[in-house]
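Shown here is one chain on its own, the form predicted on its own, set out as structure tokens.
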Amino acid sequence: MKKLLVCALLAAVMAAVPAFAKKSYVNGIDPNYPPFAYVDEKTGQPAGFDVDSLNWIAKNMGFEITHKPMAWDGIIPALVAKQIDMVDSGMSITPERAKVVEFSDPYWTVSRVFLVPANSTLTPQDVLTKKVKLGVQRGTSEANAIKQEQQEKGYPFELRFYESAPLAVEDLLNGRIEVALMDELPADDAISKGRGVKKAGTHGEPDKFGVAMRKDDKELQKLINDGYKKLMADPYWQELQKKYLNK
């Protein structure tokens, strides 16, 4: 009798479980990197070009996705430690990162720019030849690149590191730094919000963005690459660009 009861209970439990349960993944994001990824001040929810892109891919490729805001300089270690499954958050594809993680096919290209106060007369040449205070977000490809350039070429500027590009903009406006180096779209975001800044010019090679995943996660790599191909062929891709990137 007990065996029959146990079998009946097991059958009931199995019947309650969907035959094809969706896989769930966690995406690590920079909480303050507009317009690609950020936490919306009104809703408290993750938002941005990359967040909406991945939400669409998850819906159309049949998996569940959760976005987890976290410190940028610890995001790759978190991925390697399996605290998250991917990083789709405006991450530049670099040789150094590619030694540790596997990147998807590039989905966007962005230039690096020097951002200065609107009334500044600084030029890119001034930045590289004068003793100015230069701000940059720590853990980013532009931070690593400009630090290496300074060591190799002896640039006289003083580097200051920030947790996010918007925080560098705040110090730029408060006069604590004279120039900030960042990707062009976060700079455009600050300008569009009337922050009293302008682009002084570009610097270095453009960055290509990709989704970072663990090297052994071949199934997810295929899922993300196929998902982005499908998204880019859909009219929603243009809608996202218009909404977030003014394209």
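Model, not experiment: these values are computed from the prediction. The first residue of the shown sequence is 1; numbering continues from there.
One more form of this protein, predicted together with a small molecule, exists but is not displayed; see below.
Contact annotation: Gly135 falls outside 4.5 Å of the small molecule in the predicted complex, judged by heavy atom distances. The small molecule is not drawn, but in the predicted complex it has a heavy atom within 4.5 Å of Glu142. In the predicted complex, Ser92 approaches the small molecule with a heavy atom inside 4.5 Å. In the predicted complex, Lys147 stays away from the small molecule, with no heavy atom inside 4.5 Å. By the 4.5 Å heavy atom rule, the three marked residues Tyr33, Asp183 and Asp207 all count as contacting the small molecule in the predicted complex. Figure note: of the listed segments 149-157, 92-100, 121-129, 77-85, the one touching the small molecule in the predicted complex, with heavy atoms no more than 4.5 Å away, is 92-100.
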